[in-house]
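Shown below, as structure tokens, is a lone chain in the form predicted alone; questions about how it binds or moves come after it.
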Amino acid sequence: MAYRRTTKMATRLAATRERIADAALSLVARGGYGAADVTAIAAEAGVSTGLLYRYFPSKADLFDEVFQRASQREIDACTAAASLPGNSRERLARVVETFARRALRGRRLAWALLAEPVDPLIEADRVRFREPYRAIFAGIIRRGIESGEVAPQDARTVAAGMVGAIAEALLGPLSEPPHPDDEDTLIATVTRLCVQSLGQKPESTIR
């Protein structure tokens, strides 16, 4: 009986923690970290501020949870895009387009993840969470080299350059009001930039 009661309590505690984190993520997605104060988060989650602090010792800890969850969703979407069929350039283009379209569709959240001033804890996560994106691009490049589609090159360095270029290209548009007519042009330009950074196809593959 004691074991069942403990399990039920753990489930309930986990559900409450999840509700708080989801509420914080929803508010950050709508208005950024600045719009998500503890009182608003507690109200959104249907809990008291005192209870919120039992699950997250500080606002920074809660925002760090939000950042990690939101960032992982984007990484998962890009990983899925990279796994779809196609040659190296097609797969690379698909990943870049996936990232850019998702960022522009959820621009307030994307700005919060990429550039909004944050606690050092989250800033450290920003640095750490660039690695999965670099790994996705580097993996595509290496497989392209192995298949003869891409000329030999330092895959990790090129991948790091792509990640930096994508973020830098999107920061300006993300900080401005939406311009739907310009978004396709922006995405196409950033995608072309990344694909062209692979260099020309090896002569043996040019027909």
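Note that this is a predicted model, so its numbers are computed, not measured. We number the residues from 1 along the sequence you see.
Quick note: we don't show the form predicted together with a further copy of the same chain, though the next part is all about it.
Visitor: Examine T11 and determine whether its closest non-hydrogen atom to a further copy of the same chain in the predicted complex is within 4.5 angstroms.
Guide: Answer no; every heavy atom of T11 is more than 4.5 Å from a further copy of the same chain in the predicted complex.
Visitor: Is there a non-hydrogen atom of R128 within 4.5 angstroms of a non-hydrogen atom of a further copy of the same chain in the predicted complex?
Guide: Residue-level check for R128: no, no contact with a further copy of the same chain.
Visitor: Quick one: does A23 come within 4.5 Å of a further copy of the same chain in the predicted complex, counting heavy atoms only?
Guide: Contact check for A23: no, nothing within 4.5 Å of a further copy of the same chain in the predicted complex.
Visitor: Could you confirm whether V158 comes within 4.5 Å of a further copy of the same chain in the predicted complex, counting heavy atoms only?
Guide: Although a further copy of the same chain is absent here, V158 would touch it in the predicted complex, with heavy atoms inside 4.5 Å.
Visitor: Which one, 165 to 173, 38 to 46, 24 to 32, 63 to 71, holds residues whose non-hydrogen atoms are within 4.5 Å of a further copy of the same chain in the predicted complex?
Guide: Looking at the partner contacts, the answer comes out as 165 to 173.
Visitor: For the stretch 181 to 196, return the residues whose heavy atoms include at least one within 4.5 Å of a further copy of the same chain in the predicted complex, in the order they occur.
Guide: Result: L186, T189, V190, R192, L193, Q196.
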